[in-house]
Every structure is written in structure tokens, then in C-alpha cells.
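Presented below, as C-alpha cells, is a lone chain in the form predicted on its own.
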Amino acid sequence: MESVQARNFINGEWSSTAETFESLNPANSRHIVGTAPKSSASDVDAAVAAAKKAYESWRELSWVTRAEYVDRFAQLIKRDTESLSRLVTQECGKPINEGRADVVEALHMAQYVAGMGRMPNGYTISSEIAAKDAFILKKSKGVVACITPWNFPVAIPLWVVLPSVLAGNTVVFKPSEETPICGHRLAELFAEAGFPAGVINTVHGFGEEVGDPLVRHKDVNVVLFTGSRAVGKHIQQVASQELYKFAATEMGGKNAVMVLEDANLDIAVPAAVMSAFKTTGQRCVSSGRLIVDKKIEPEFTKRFVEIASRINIGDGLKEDTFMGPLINQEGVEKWNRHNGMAVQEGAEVLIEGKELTGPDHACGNFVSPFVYRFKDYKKGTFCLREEAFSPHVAIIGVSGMEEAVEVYNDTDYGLAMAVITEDYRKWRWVRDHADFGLGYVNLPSIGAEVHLPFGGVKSSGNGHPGAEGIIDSVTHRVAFTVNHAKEIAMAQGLSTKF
């Protein structure tokens, strides 16, 4: 693949900046995937101005007409599935089957949003007065800033961009600086699909120079963000300073698979392996904690360690690769810090993860799994409470279902969990007492289907999920009442006599 020169896309025109930055393949740092503009606040101003201007005409179109643009875009994603999948793998490092899954999820989101254009976007509700019709309608909010992460560089942008424009908003899209070429390719497809100038604008760059001015911009009405807790908290604080500005943030998790005493280990072990190591532990729903009943923990641990020790780690373009590289050297350093903290806090190390430097790994950010065990839970332990975002995995012994949930809840996060059990009463109890936004039974703690909401509680999010749920973040629900009588009759018994 030749190096790509990404550009900003503002008001239907392509532009760049004097200063650019490189996007490197995390599996091979000698491979420059492309370069992208290092934009500034002035580029943000231009993009927001274009979006604000386009909003006046875009909002006038029907939901059905706007959905037709989305449908055309969906056809382009379907056409380019394989090339997009390879780009995802080359730019963010995850294995090609995960790259394809990312693109297929993006296609599903586009198809879902296109279908929503012909679904009800409001409803009629009875009034106290028979001669009145009362309606609840969803109206667009204005300019939406979409700030998206690198680990799902095609799917997650479409979770937020497409519902926003379907509802009549216009968008300024800031892709992650780790995956700008994926963001640029999406912008090319938005243009090819024929979205009018200014409806979807793309600005590349870094958080301080682009992200922060975008969040603070007086003409941005909504901020949709997926990323770290620190940045999400900052965005919420900035948005709270303006009465009109709304922020929906999804901010990762310290997730877990709970393996209860009656669990089928033929399900529990592969579910744990996938939850821990898919995308090299760099999913917001990745599980760095395996909370296992002490009655079955020894056998579970034996099986899990055996599989984790022989995971195939390498370049994601090889079909037999299970786990690719970490995204960058900062990710490697964070993995090392969390491993060191686990040792300091008294963990029993079962697999001592290493940085891989052999011929197949020398130019990439490759590490092997770090797996450790606490036979008894230590409340307040850093390595069991903080997100590592890497193949850093704890096995924690507990006595019974209630302690499993207590341990699961002992973190500031509350995004995802899985419970492995053959007893429906147990999974129901776990469902009702664990703090989470995404739950799975006898499944890995990974996966998203676009017609379901995706988000968490506590430090994982502010209760406004992505995918299916985002339409409520980018619309106002307004009440509208019509009187069909020839005189005024009021609810609550109010009189019209003067």
C-alpha cells in the first residue's frame, strides 16, 4: 500500500496545512501508512462555520431524503470492504479478521441508520382535551463535534456521524491522530456519496490544537466523544460551562468475566481468552479481570494459562495472527507500568509478559500476555481497579456469586461484564446488582451490535450511549399541541374567562 496524503475536508473542499504528521504501522514502524495535516484552531473555525451554514438547508430536508444519502454511503462501504479492512489492520494493528469486523460493523451502522429514516421519529400522545392532538417530536440540535478513537477507526465514527446527519444536524469529525488515514478514507466516501458541502467536515490533528478548540467552540451544540477518562471528563467540564452545549462521552472500563462455580469451562475459558486478548486488550470492553469461583479456579487457571502461553502474535495481515501489536510505544510503556504495579502489589505472576524483539517483531510494538493471580481479593489494589488497555490480565479467586459482583463493582468504571453460569437465577442476580452498561451471559465481554446502545456508567460514561442510543443525544424531544376546536379548552381545568 502506498503512503496516503490525508487532507482536511471543509465545506466540500480538500485542504492541507504546512505542517503534517506521520501515521505509522504499529506492526512495522518502517511502514508510513500516510501523512495528515497538523491542523489548528483556524481550521476548526472554518469547519464549524461551514457546518453552521450547511445546517440551515440540511435541516429542511425530510428524514427520508437524508437517509438516502446514508444509503448511498452504505453501498460504498460494501463495495470497499476488503480495502478498508486492510487499511484498518495496517493503521491500528489489529488482525485482519478484526479489521473486517470493524468494517462490517460500520456497514451495519450505515444500513441501520438508513432504515431509521423511514421509521417514526416522534409519536402522538393523548391530550386531556379531546379536541387536541399532542405530539412528541425529535428535532435536530445544530452542529455536532464527533471525536473518535483509533481502535475502531471505521465503525465508531459512523456510530456518531451518521445518526447525527440523519436527524438533521451537521458534523465536524475529528479522527484520532493515531488513525488519520482511516478517517481520511471515510471523508472520501462521504464526498463520493454526495453529502452537500458543509454537512460533514473532517479536520485532522491533535487534542490541544484541534480537539480542545472544537469542544470549546461557541457554535458547537453537541460533542460526541469516545476515548480516555481524563479527556472525557475534561469535555464534560467544558460543556457544562455553556447552558446549550451537550456532551455524550464513553470512556473505557475495567471490565471482567465472572466465572461462577457451576460454569461450563468449555465456554468460560475461550470466553476469557477472547475478552482478554482480542485487539491486544485495546478494546474499551476488554476484560483485564477474570473473577473466578475458588472451587473451579485451579482448573480454569490451568486451561487459561495454557492457551494464553501459545497465542500467535504477529502482523495482523497474516490470517493466522490472533493478537497484533499495541498501538504505540506509549501503550507499551503503560503495559510495563501496570505489570510492575501488579508485582509490587503482591500478585503471583503466571505468565511473565515480554516485549517481543525477534525477526517478526523487531519493528513493531509487540508484547506477549502478562497474566497473574490473586487467590484472595485485595480491596483497593491499583492493578485490579485501573484500566491497562493491553494484554494485562488478573485471575482473582472469590467465594461465591455475591463476592464476584462485589469485586467486579470495586472500580470507578462500569462499562462491560460477562458472567458464565448454567443457572438463570444467578445470571439474573448478577445482571441486577453489577454496575455495567453492556452485559453478556455465557459469552465473551466483547462485541457490539449497532441496533443496541453502547455505553457505561460511573467513570465509563455519562449515561448517553453510542450506536443505537446516540440519536437521543443529537435531538431535542419537543412537545407540540394542536387545538382542533373552535374555542379554547385548557388542561388542568384552567378557565379562558377574562
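In case it trips you up, residue 1 is the first one in the sequence shown, and so on. Bear in mind the structure is a predicted one, so any value in this text is a computation, not a measurement.
Below: the form predicted in complex with a small molecule, not depicted.
The stretch from 183-191, 304-312, 222-230, 375-383 that comes within 4.5 Å of the small molecule in the predicted complex, counting heavy atoms only, is 222-230. Within this chain, G397 is remote from the site of the small molecule in the predicted complex, having no heavy atom within 4.5 Å. Taking the partner from the other structure, the small molecule in the predicted complex has no heavy atom within 4.5 Å of any heavy atom of G331. For A342, no non-hydrogen atom is located within 4.5 Å of the small molecule in the predicted complex, even though that partner is not displayed.
K174 belongs to the set of residues with a heavy atom inside 4.5 Å of the small molecule in the predicted complex. When you look in the predicted complex, the only residue of G253, P391, P325, P157 with a non-hydrogen atom within 4.5 Å of the small molecule is G253. When the small molecule is considered in the predicted complex, only one residue from F300, F195, W150, F277 comes within 4.5 Å through any heavy atom, namely W150.
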